[in-house]
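The chain below stands alone and is given in structure tokens; this is the form predicted on its own.
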Amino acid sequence: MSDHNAPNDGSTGHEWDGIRELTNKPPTWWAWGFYAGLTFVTCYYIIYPSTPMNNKVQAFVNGITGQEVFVHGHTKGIMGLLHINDYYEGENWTQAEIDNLKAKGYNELKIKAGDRKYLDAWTAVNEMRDDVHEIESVRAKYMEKVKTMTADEIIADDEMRQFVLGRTRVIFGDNCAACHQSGGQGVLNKTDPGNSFPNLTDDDWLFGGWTDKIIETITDGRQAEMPAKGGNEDLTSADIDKLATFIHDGLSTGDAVLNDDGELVKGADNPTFAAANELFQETCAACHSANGKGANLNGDYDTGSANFTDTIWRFGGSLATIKQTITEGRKSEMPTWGGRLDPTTIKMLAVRVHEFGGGQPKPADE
């Protein structure tokens, strides 16, 4: 309940359940904090966009002043009345842009061709545009140099190489990382080998790993196919077991070594290897070369056949996976990017892929 106290007792005269409402002044530090906060809010209120306003009031005030004192139903603030954009001079809507918005379902548009796209004064968004424009103006001189340099010249120039590597981080992420991962490490899907993607960080290349070849690969894409049973329909399950074992236990481990004529120079005393090599030369050598080192290491940069003498596997190197590959064949495709990315961007991506660590020097005969 409420009770009334005697006057002049330092209270307002009200007491509630034994608690008196006093008239003591707040602490000085609290008062200073309060007034400082009030001053800050008032200044912010005046300087920056803040108060919601009725659109009719907005139109009336703007009509009288001849300026956008209010914008989008809010006060514009003093900053919004000042033209302090170093780079941004304003842009106008084009009819093509308006038609594109309408095609996306924006049918309530009030803008028309020639209307100013953004405020030609300070806003947080325009400040961001200024910052972006400043960055792009610095980049522009580097981009002009990139256009006139070859990929190899960029790699040889450390300043330009670092610029391109930084510039392509997002480009690679947007266009390549979905398959090759952000670091270029690719994907080896052991559960579903056919859904694997090449590792760009090693030095194992199917179509050549110097810059011109990488540009060609990105621009035109690649298609590779190994037919079921290597195209030899006469292969039996026993033959496939022999070939898979020969590749898994012999060629990839170095226990079996073939010369360029397809002769076993190591492992010839192993009757299993000797018998399997006959099948290999008959069925596989046409693509993977008589020595089993694949097309690239034998100077063929267009076939794309794999090297069996290392431990790098495109679809997995387990004995079971190798048998599956021989039995069912494999088909893979990299899409073309020439129609989606301009030549300069492709050249920069080629530098990035080359500099992942596995780039090859250009062969003397190329």
Ligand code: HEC
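Please read all numbers here as calculations on a predicted model, not as lab measurements. Start at 1 and count along the sequence shown; that's the residue number.
One more form of this protein, predicted in complex with heme C, exists but is not displayed; see below.
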Next on the checklist: My question is simply whether residue 250 lines the interface with heme C in the predicted complex - judged by any non-hydrogen atom within 4.5 Å.
Outcome noted: no
Checklist entry - Within a 4.5 Å heavy atom cut-off, is residue 222 in contact with heme C in the predicted complex? => result yes
Next on the checklist: So in the predicted complex, is heme C close enough to residue 226 to count as touching (4.5 Å, heavy atoms)?
Outcome noted: yes
Item to check | heme C contact at residue 312 in the predicted complex, heavy atom, 4.5 Å | outcome: yes
Item to check | Per-stretch contact check against heme C in the predicted complex, the hit in 155-163, 254-262, 226-234, 140-148 (non-hydrogen atom, 4.5 angstroms) | outcome: 226-234
Checklist outcome for this item: Residue within 4.5 Å of heme C in the predicted complex by heavy atom, from 270, 126, 175, 291, is 175
Next on the checklist: On the criterion of a non-hydrogen atom at 4.5 angstroms or closer, are 217, 283 and 287 all touching heme C in the predicted complex?
Outcome noted: yes
Item to check | Residues within 4.5 Å of heme C in the predicted complex, restricted to 293-323 and counted by heavy atom | outcome: 303, 304, 305, 306, 308, 312, 313, 314, 315, 316, 322
